[in-house]
Ligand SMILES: Cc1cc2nc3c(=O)[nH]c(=O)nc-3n(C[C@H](O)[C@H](O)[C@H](O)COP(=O)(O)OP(=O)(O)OC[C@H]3O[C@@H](n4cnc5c(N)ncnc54)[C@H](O)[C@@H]3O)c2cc1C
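Single chain ahead, by itself, as structure tokens, in the form predicted alone.
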Amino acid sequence: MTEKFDIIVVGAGILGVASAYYLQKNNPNKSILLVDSQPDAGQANTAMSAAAIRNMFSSSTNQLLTDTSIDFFRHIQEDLDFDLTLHFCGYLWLLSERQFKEPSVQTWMQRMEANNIAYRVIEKSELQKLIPGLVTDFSGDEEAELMNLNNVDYALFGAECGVLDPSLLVQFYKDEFLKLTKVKPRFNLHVEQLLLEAQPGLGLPGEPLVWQNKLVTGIKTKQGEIHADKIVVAVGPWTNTLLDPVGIPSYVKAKKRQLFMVAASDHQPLEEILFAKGFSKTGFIPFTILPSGGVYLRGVPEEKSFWIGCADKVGRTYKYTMEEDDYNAERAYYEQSVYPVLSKYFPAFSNARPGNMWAGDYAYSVDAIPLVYEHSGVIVVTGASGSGIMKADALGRITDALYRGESEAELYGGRKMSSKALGLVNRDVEVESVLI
């Protein structure tokens, strides 16, 4: 069976559902089919994230994408009365004196000031009062020196950052999309490949040939071919599996991130860290990034626990495709890589072991800035580099503007961005240096 739609959106993670919503909202007469291999929207890598949101980036591009998206999320919860369990607990970057004085960090602060991104510098003496049990000085600790651990001398704190529930955010966009369409999304539908055809087709063997014009006209599934005038590919770490066979470039690779849940209940020192009250009205610790190893922790007061995370570093394999085992966190990764760093900075975590753990992949771009571009009938939305949730609203609006041929996308709050700034040809971005 062959079917035809105006647009097919492949991938119903947060970037896919946001794109589908804005495409349908601004193109009400278009038929848009949303497809995903999972049983429902947002059940793959979106669900496996730490679900934190921040506008504290070093590039003006990422600052704009996240700041406007976070403003819209606040609007969803406070004005539209759709609870995202959005908490502005803040982000806390712990830094050594050397790190704090690095040119990249100084540039980071200057750009935040220039773009009205709220933050403040916290010195060690105040940090020691705000976070009980934080070790800030490893002088004379040979083991810490062997582990290349940095002291804590400063912190950068962003109050307009926090956490939310990604499943609820996906639900909002999905619900709003469904209100606008009669086309039912198709889940449990695996897209095997994109269909690339010669334009016009001449019926020659081996078409499309190198000298012919080519266009992606649909998708192939086990249930048959489905055609559309435009295909939107928003599949994150699977981007290359669809684009590579038809020769469309993407310039992204997949990195694995792992999260480990450690309970704080019935352990007073951990509860004191969890409910550090001096940072925000939420009354719990900010999303905190340690100055070594890329280890971070998120407080989850509803379940009296911490989510401890770390993404793959050098020495860990890049992968094009997502395998089933990649959804499984590795206990050895926690015990050998994450735990030694965590317990050095917070001795209260000594002997604490995860009660639950999970993992996922994300699409990492060469400059850590997302990609939104059109090529051969495909609009590609990828490369969010681990921060897709916090950029989703802006990227959905940019995808729609690109589809409609608008030179600019209007983001929430009236700020604008070139619809081609995140493209491959006329890319106009700053390299992002503040990654986790």
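All residue numbers are counted from 1 along the displayed sequence. Everything quoted here is computed from the prediction, not taken from an experiment.
What comes next is about the form predicted together with the ligand, which does not appear here.
> Only one of 189 to 197, 94 to 102, 265 to 273, 153 to 161 gets a heavy atom within 4.5 Å of the ligand in the model of the complex; which is it?
In the other structure, the partner sits against 189 to 197.
> In the model of the complex, do 46, 360 and 386 all put a heavy atom within 4.5 Å of the ligand?
Checking in the model of the complex: 46, 360 and 386 are all within 4.5 Å of the ligand.
> Verify the contact flag for residue 235: yes if a non-hydrogen atom of it lies within 4.5 Å of a non-hydrogen atom of the ligand in the model of the complex, no if not.
Yes - in the model of the complex, heavy atoms of residue 235 and the ligand come within 4.5 Å of each other.
> Answer with yes or no whether residue 36 is in contact with the ligand in the model of the complex, where contact means some heavy atom within 4.5 Å.
Result yes; residue 36 sits at the interface with the ligand in the model of the complex.
> Looking in the model of the complex, any heavy atom of residue 242 within 4.5 Å of the ligand?
Yes - in the model of the complex, heavy atoms of residue 242 and the ligand come within 4.5 Å of each other.
> Would you classify residue 87 as touching the ligand in the model of the complex, given a 4.5 Å non-hydrogen atom cut-off?
Because no heavy atom of residue 87 falls inside 4.5 Å of the ligand in the model of the complex, the answer is no.
> Only one of 306, 296, 173, 339 has a non-hydrogen atom within 4.5 angstroms of the ligand in the model of the complex; which is it?
None of the other options qualify; the answer is 296.
> Going through 6 to 30 from first to last, which residues have a non-hydrogen atom within 4.5 Å of the ligand in the model of the complex?
The stretch touches the partner through 10, 11, 12, 13, 14, 15, 16.
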